[in-house]
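Here you get one chain, nothing else, as structure tokens; it is the form predicted on its own.
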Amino acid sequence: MANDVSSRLKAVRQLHGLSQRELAKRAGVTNGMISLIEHGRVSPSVASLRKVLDGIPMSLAEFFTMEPGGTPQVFFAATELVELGEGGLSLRLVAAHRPGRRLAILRETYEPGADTGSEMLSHAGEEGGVVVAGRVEVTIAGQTRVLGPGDAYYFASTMPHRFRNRGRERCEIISASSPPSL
């Protein structure tokens, strides 16, 4: 396993364009530790490996299941988008399993009457989107507007926000947020 961890760590680090020193800085460890792991001189504990991977960021599951020499997937069929919504709200995430993903791209579908919930949402980052079909009521920090096809929004996600389809037809939005909150 030590050889597997060392070669995987080096491949993952290089895939993300990080030097040993940069990864060590991000993870809060010494660059000597990164070097020792990559050269197979030490076998890190699970806790130590998790701490190193937090600097990428990547989960242990992603680390051990990805193909280190492989190229990340760049094209996704509609059937490969992972469903995160429920009920009348469909949130289909692009590249859900991509290691170190720093952007969430969603195909959002709101059936008539669907919304993001009665509570206003708020999280770190920024988000934006374009309405592709239908109409949606968007409330951001007390401002409300009904957007239709071709209309767009962009805001700091720390501002309380909510999306509702008050119309009689399905609404579809293509959106992005960074960092991904999903």
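Bear in mind the structure is a predicted one, so any value in this text is a computation, not a measurement. Quick note: we count residues from 1 along the sequence shown, nothing fancier. Think of the rigid core as the biggest set of C-alphas that the two forms share within 1.5 Å after superposition.
Beyond what is shown, the protein has a form predicted in complex with the DNA; the following relates to that form.
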item	value
Contact assignment for the DNA in the predicted bound form, among S59, T116, S48, T139, heavy atom within 4.5 Å	S48
Listed residue that, although the DNA is not shown, lies within 4.5 Å of it in the predicted bound form (heavy atoms), from V146, V42, A133, A156	V42
In the predicted bound form, H161 touching the DNA (heavy atom, 4.5 Å)	no
In the predicted bound form, R168 touching the DNA (heavy atom, 4.5 Å)	no
Touches the DNA in the predicted bound form: G28 (any heavy atom, 4.5 Å)	yes
G150, heavy atom within 4.5 angstroms of the DNA in the predicted bound form	no
Residue shift check between the shown form and the other one, rigid core fit, I173 Cα at least 2 Å	no
Flag for R135, CA shift 2 Å or larger between the shown form and the other one after aligning core	no
Rigid core superposition, P149 Cα moves 2 angstroms or more between the shown form and the other one	no
